[in-house]
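Single chain ahead, written as structure tokens, the form predicted alone.
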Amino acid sequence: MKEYVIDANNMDEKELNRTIKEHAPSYDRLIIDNPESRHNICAGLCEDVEIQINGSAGYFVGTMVNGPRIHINGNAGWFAGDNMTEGELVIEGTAGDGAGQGIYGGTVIVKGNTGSRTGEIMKGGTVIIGGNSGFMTGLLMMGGRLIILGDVTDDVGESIMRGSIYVLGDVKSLGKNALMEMATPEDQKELKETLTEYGFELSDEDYTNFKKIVNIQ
């Protein structure tokens, strides 16, 4: 595997992204050291390449990407994975508001907690949150799957149109147009396949406890 290390120390956001796009076509993996929570890392990247970020990222990490597999060994700010069309974004820590906002495809995974409006206006793809999520999770959701392993606060699924929100923990309240039911055996099978693939270890009983939130129709 061909790797290239980028030391982001003393780089501004534009220089860092120019360097990423310059080297992405020639390497299998780019390793970014000293990201220091810079915003817009990998914005608009359309290469089939692994990106390893050793540290935390700021706002809009992985925005509008198509293809890369980004792994953050830290936290992320608001709107991680915004408008992704294809690829993967894994955040080992926490993320701010709007994680997975507007994604069309691909997978966004946050191992810890997220802020509000997780998965808002998402059209497809999968968003997985290993911890808790804030208010209006799944706001105006149009498609895809949103999986929350922890608790969710107020107005889950506010104005949801299509897609499904799965919650293992507690749901404080539902938003308008949202209906909550128990996940079906088929849902549970799909959840187990997806979560196992990404290293989440749940018991068989956990899968029977997933709630499913959809449009009330």
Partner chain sequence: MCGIAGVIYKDKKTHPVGEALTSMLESLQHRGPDSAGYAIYGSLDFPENYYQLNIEVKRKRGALDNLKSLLNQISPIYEEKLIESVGDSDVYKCKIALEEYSLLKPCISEIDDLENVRVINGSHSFEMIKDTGKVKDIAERFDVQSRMGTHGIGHTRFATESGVDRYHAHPYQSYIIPDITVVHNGQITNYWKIRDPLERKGHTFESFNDTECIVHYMADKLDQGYKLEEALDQAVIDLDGPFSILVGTPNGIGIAKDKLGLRPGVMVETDEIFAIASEEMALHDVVDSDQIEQIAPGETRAYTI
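Numbering follows the first chain given and starts at 1. Not measured: the values here are computed from a predicted model.
One more form of this protein, predicted together with the partner chain, exists but is not displayed; see below.
- Of the stretches 123-131, 94-102, 142-150, 80-88, only 94-102 has residues with a heavy atom within 4.5 Å of the partner chain in the model of the complex.
- Out of the listed residues His39, Arg69, Lys192, Arg29, His39 is the one that sits within 4.5 Å of the partner chain in the model of the complex by at least one heavy atom.
- Candidate site formed by Tyr59, Arg117 and Phe135: every one of these residues places a non-hydrogen atom within 4.5 angstroms of the partner chain in the model of the complex.
- The shortest heavy atom separation between Thr107 and the partner chain in the model of the complex exceeds 4.5 Å.
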